[in-house]
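As C-alpha cells, one chain now follows by itself in the form predicted on its own.
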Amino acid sequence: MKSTADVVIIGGGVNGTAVAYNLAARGCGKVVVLEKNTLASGSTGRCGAGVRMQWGMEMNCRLAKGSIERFETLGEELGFDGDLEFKQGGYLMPAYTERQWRQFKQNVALQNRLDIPSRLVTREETLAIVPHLSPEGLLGAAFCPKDGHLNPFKTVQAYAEAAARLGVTIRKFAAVTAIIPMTGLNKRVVLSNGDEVETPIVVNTAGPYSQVVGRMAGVELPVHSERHQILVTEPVGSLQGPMVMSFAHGLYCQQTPHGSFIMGVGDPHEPRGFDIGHSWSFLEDVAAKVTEIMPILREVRVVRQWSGLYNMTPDAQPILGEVSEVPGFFQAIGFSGHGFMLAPMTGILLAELILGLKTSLDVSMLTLDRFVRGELIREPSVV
C-alpha cells in the first residue's frame, strides 16, 4: 500500500508520541507514527521514569523545568482518562566529598536564578528527609521538592490517545527498512511489509536504534547504544519520599506509589551494542551500593530485574533539530538516559522547529553540527 503524509515519525516511545501530539495540536497536516513493536516497548517502557530539575547547565535546567511544569498538568492537557501517577517527592542528592559539595553549591545557585526551588540541606536535614540514609561519610545534600517520577507507560498512552484524537495515524508493528530520497525534498519511507509512505519530513525518535534510522537516510550519526540494568523490589510500606541519587555511587533509588523500590547503577565498562540481557554482577553491584547507603533495604526482596538501552552521544547531551545535509530529516535522539524526563519540552520544540515557528527555548547548541565544530557540551550532574 502506498500513502502520503506531511510528517512521518519513526519511533513510538515518549518522544515520538509527544512530537506527534504537539504537531497535531499546532495544526500540522497528516502525521504518521511508525513503531516497529508496540508503543513504549523500547527505552521508554524500560526506564526508571525519574524527572528532575537539578542540573548543572542552564540549558538542561530550562529543558527539565519546562518539562516538569508540563508534567504537572499533562493529564488534563491530554484529556487522559486515568492517573499518570506523578509523584513529586523530590530528588535528594547526597554529597560525600568536598568537590561534590562545591559542585552542588554552584548548581543550586544556578537553579535558584532560574526559579528552580532547590536548596542545599545540612547533614542533619538530609537525615530528616530520608531517615534510613546512612550518616557514614555524609556531608549534606542538594534537594528539590518539585522533582519526582511518573508512570512511563501511561504517559505514552496519554500522548498517543490525544494525538490520535487530533487525527494522527499510529501504526504499530510497522518496522521501517529504508528511507529513499525522491525528487525535491520528498522521501519514500519503506516498511517491512512492503508499504510505502511518501513524505517531505521524517523525524527520527527511534531511541537506541536512531543510528540505524540515520544510516537509512544516508547520515552517520555520532551515537551508540549501551545497556543499562534496573531492578524492582517487592512492595513495602511507605519509607521514602524523594528519589535518592548518589553521584559518588553512580546510583539512583526511588520508591513508587505502589510501594516497590526501583533502582539502578551506571556501569562505565558496559560495551556498546543492543544487548538487553541482564546479569548477576549487576545484581551484586547494585545491592552492595544501595545497602551501603541505605542499610534498611537489606531486608527487602528483589522481584525482578531488566535492561534497557541508552542512546549515547559523545557529550551525553541530546541531538535536536534538522540535519543540515538532508533537509527534512529531523532528530530527537541521543538523550543518554534522560529522554523521558525531557519529553514534554522535546515534543514542543521539535514541533516548533518542523513547523518553522519561533522555539520556546533556544536549542541551537544541540544540533548535530556541534560535533563537526567540536563544540561538545559538558553537564557535570549525571550518574
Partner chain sequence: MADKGPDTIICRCEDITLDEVRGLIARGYKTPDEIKRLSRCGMGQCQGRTCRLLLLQEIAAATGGQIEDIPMSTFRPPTKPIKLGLLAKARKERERGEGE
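Residue numbers count along the first chain shown, from 1. Values in this document were obtained by computation on a predicted structure and should not be read as measured data.
The same protein has a further form, the form predicted together with the partner chain, not shown here; the description that follows concerns it.
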Could you tell me which one of Thr97, Thr122, Asn112, Ser281 places a heavy atom within 4.5 Å of the partner chain in the predicted bound form? Ser281
Which residue among Gln88, Thr169, Gln103, Thr291 has a heavy atom within 4.5 angstroms of the partner chain in the predicted bound form? Thr291
Partner proximity in the predicted bound form: Leu185 to the partner chain, non-hydrogen atom cutoff 4.5 Å: no
The partner chain contact in the predicted bound form: Arg301, any heavy atom under 4.5 Å: yes
Would Lys65 show up as a contact with the partner chain in the predicted bound form if we use heavy atoms at 4.5 Å? no
Taking any heavy atom pair closer than or equal to 4.5 Å as contact, tell me whether Val202 reaches the partner chain in the predicted bound form. no
Would all three of Gln157, Phe173 and Glu234 be in contact with the partner chain in the predicted bound form, where contact means some heavy atom lies within 4.5 Å? yes
Okay, which stretch from 292 to 300, 239 to 247, 132 to 140, 267 to 275 lines the partner chain in the predicted bound form, with non-hydrogen atoms inside 4.5 Å? 292 to 300
Those residues of 188 to 214 which, in the predicted bound form, come within 4.5 Å of the partner chain by heavy atom: none
